[in-house]
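In the block that follows, a single chain appears as structure tokens, in the form predicted on its own.
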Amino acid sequence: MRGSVVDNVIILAAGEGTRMKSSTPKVLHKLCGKEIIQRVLETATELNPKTIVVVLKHEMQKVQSFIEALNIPNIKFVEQSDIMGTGQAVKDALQVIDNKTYTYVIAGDTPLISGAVLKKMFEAHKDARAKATILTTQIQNPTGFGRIVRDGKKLKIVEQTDASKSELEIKEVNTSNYIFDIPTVLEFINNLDTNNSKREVYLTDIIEFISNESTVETVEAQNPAEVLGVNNRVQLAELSAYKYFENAKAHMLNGVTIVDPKATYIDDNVLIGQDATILPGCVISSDVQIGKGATVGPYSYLRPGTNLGDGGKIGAFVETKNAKIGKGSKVPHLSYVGDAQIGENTNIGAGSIFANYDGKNKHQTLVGSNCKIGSDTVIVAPKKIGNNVYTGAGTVVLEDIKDGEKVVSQNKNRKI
């Protein structure tokens, strides 16, 4: 779509999100390891817009600071006025848009919205020579959503709280994602009022105005999960479950065995090599790499920065973070490996701890190749352990260990 006439994207992210019941702004809640608003912004950049306008209000500074740290180009921020409603939000955003041709309006709480469906909207918008295009979907339980009400070629959007009994039966709903001809919006937006149950300025009301005089096109998304928003934690969990399964499916189609994909939680930006096996109950965060033929789990937590080499193993109830584990090395069970580099063909015994935190700072541990680290070994970082090292069970490593050394802590049994 590079060079298209849709040069603007408006993202509506001003809502308080009261139904989340959280001190965290709704758009900063995470789905599969990534904040909702980041997902929406990444999709928006796929459209190659000249300007992205993010409309904010609730916790504006916190949300704006997060977005600025993403270093996404061509972003402007607008604070919504005290007049509530999506119509007012778009009116405020239009004041900072220079290119007065067309604009997308995207809901800031639709984390799985895809560039593909937005591009499909644009093609339909062009083909129909429409003044507005709405992204809709069909859901079996449409409670809470605005309904698409059709009357021949004319249509309108009726919000749940204002719908009649017959309108409430409609399954086609508004996803709050649009394309608008800006001159047309500017013509009608001042006609919007607060004559509704919420006393807000509804952007949806403008659709009826436009439809009475011009063409309003609709594009129906076949998969509701990819276009619906998040209003509460139940919906967040439902969309997360969908995305986790989609991530697992993609890895399986690339040659990874995932024994129970519905009980495996793999974030975006995870690389897993062919013939690796992931056992149930594992949580695998973004920025993790798992080599070919490696095994993970069950019930392990791989945090960012974990890199497991080909043929390696992370076993049951193991947590890793910023850990590079070499080819053929194993951390079989009940261990924590943080801020570490482990060579090849090394075995970390059950219950071993890499004590990387001294109360103020994190420190790194280096472990060589072909080592046998005994069960319940505690390595107090920072430490360097050479190649071919053995430690006895229950060893507390307080000093560096040279190649080939065998180290034990002298804890003698006492009869009582």
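As the structure is a computational prediction, the values presented were derived from the model and not from experiment. From 1 onward, residues are counted along the sequence shown.
The protein also exists as the form predicted in complex with a small molecule; that form is not presented, and the subsequent description refers to it.
Colleague: Do F145 and the small molecule come within 4.5 Å of each other in the model of the complex, heavy atoms counted?
Modeller: Yes - in the model of the complex, heavy atoms of F145 and the small molecule come within 4.5 Å of each other.
Colleague: Verify the contact flag for A14: yes if a non-hydrogen atom of it lies within 4.5 Å of a non-hydrogen atom of the small molecule in the model of the complex, no if not.
Modeller: Yes, A14 lies within 4.5 Å of the small molecule in the model of the complex.
Colleague: So in the model of the complex, does any heavy atom of Q138 sit within 4.5 Å of the small molecule?
Modeller: Result no; Q138 lies far from the small molecule in the model of the complex.
Colleague: Quick check on G338: any heavy atom within 4.5 Å of the small molecule in the model of the complex?
Modeller: G338: no, not in contact with the small molecule in the model of the complex.
Colleague: Please name which of the stretches 77 to 85, 307 to 315, 120 to 128, 291 to 299 has residues with heavy atoms lying within 4.5 Å of the small molecule in the model of the complex.
Modeller: Residues of 77 to 85 come within 4.5 Å of the partner.
Colleague: In the model of the complex, do T103, V185 and S211 all put a heavy atom within 4.5 Å of the small molecule?
Modeller: No residue of the spot touches the small molecule in the model of the complex.
Colleague: Let me know the one among N223, N231, T257, N254 whose heavy atoms come within 4.5 Å of the small molecule in the model of the complex, would you?
Modeller: Flagged contact: N231.
Colleague: Go through T346, T320, T175, T133 and name the one with a heavy atom inside 4.5 Å of the small molecule in the model of the complex.
Modeller: Only one listed residue qualifies here, and that residue is T175.
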